[in-house]
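Form predicted on its own, single chain, as structure tokens, below.
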Amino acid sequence: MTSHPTAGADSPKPAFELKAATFTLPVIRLLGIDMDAVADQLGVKVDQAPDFFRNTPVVIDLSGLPPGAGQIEFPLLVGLMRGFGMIPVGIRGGTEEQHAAAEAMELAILGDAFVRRTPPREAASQPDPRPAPRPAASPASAVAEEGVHASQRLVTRPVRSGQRVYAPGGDLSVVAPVSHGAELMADGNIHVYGPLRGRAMAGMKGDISARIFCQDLQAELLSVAGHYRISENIPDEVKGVPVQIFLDGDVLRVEKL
């Protein structure tokens, strides 16, 4: 009697898994198509915070362009952004003609759901009522937590250089030191009960009422709703002491507590 191999015995071992994940992406909103002006003004921003932009994936938002703005020189735009260290990955908004030009540069066409890095493109066409899946932890980015709630994320261990912690839809509290090169991000407020040496960005979805509170300010960069200050622009008298950071109009203020 001839024996047959067990079904599946020769099946190849899976080489990858396809998962949905939520990340944060900076968005550059174009207000005009003059690439010389874009280059000049973007250069100023990069000079103020070079580490913030280095090797950072970004989305180009075309929704701020006036009607009839015309074609965008995507080869020039992509080239200058890469020259500044950024990695343009896609566009949002714009016309069909602009979409075709962007696709020719291998840029993804993202819907309104892609304000931040979200699941694959086809999943963005219809909002998912379920909570966004959280990214799988990895040795480079995992941070132990004591509690995660819909409106608050609590981190209880030090946030190391290279780690990025994001609290979508609410506040982030860290009861441990935050090292240089680490990033804290929250759609709401950020509270740090220890030295803050990395970057803290509150109001990621544009909440101008968001604030940052910390016990020992030594930050590389502070941001609320897209308004930011780098270390060189933070007064010495508020460094190393408890402070709050908030928006007063278009001015990002740092005040002692």
Partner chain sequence: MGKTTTSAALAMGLAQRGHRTAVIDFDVGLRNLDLIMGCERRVVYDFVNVINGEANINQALIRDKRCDALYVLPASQTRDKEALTKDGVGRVLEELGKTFDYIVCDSPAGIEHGAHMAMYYADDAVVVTNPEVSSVRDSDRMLGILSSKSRRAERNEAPIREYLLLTRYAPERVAKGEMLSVNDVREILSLDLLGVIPESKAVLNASNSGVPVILDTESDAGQAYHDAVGRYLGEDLPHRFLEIKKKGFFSRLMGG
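What you are looking at is a predicted structure, and each value in this text was computed from that prediction instead of being measured. Numbering follows the first chain given and starts at 1.
What follows is about the form predicted in complex with the partner chain, which we do not show.
Between the options P158, G90, G93, G169, the residue in contact with the partner chain in the model of the complex by a heavy atom within 4.5 angstroms is P158. Distance criterion of 4.5 Å from any heavy atom to the partner chain in the model of the complex singles out G162 from the list G162, G85, P75, G111.
Mapping the unseen interface onto this chain, Q98 falls outside it, with no heavy atom inside 4.5 Å of the partner chain in the model of the complex. Looking at S173, you'd find every heavy atom of it more than 4.5 angstroms from the partner chain in the model of the complex.
Interface membership of Q152, defined by any non-hydrogen atom within 4.5 Å of the partner chain in the model of the complex, is ruled out.
Using a 4.5 angstroms threshold between heavy atoms, R197 counts as touching the partner chain in the model of the complex. Residues of 215-237 placing a heavy atom within 4.5 Å of the partner chain in the model of the complex: E220 alone.
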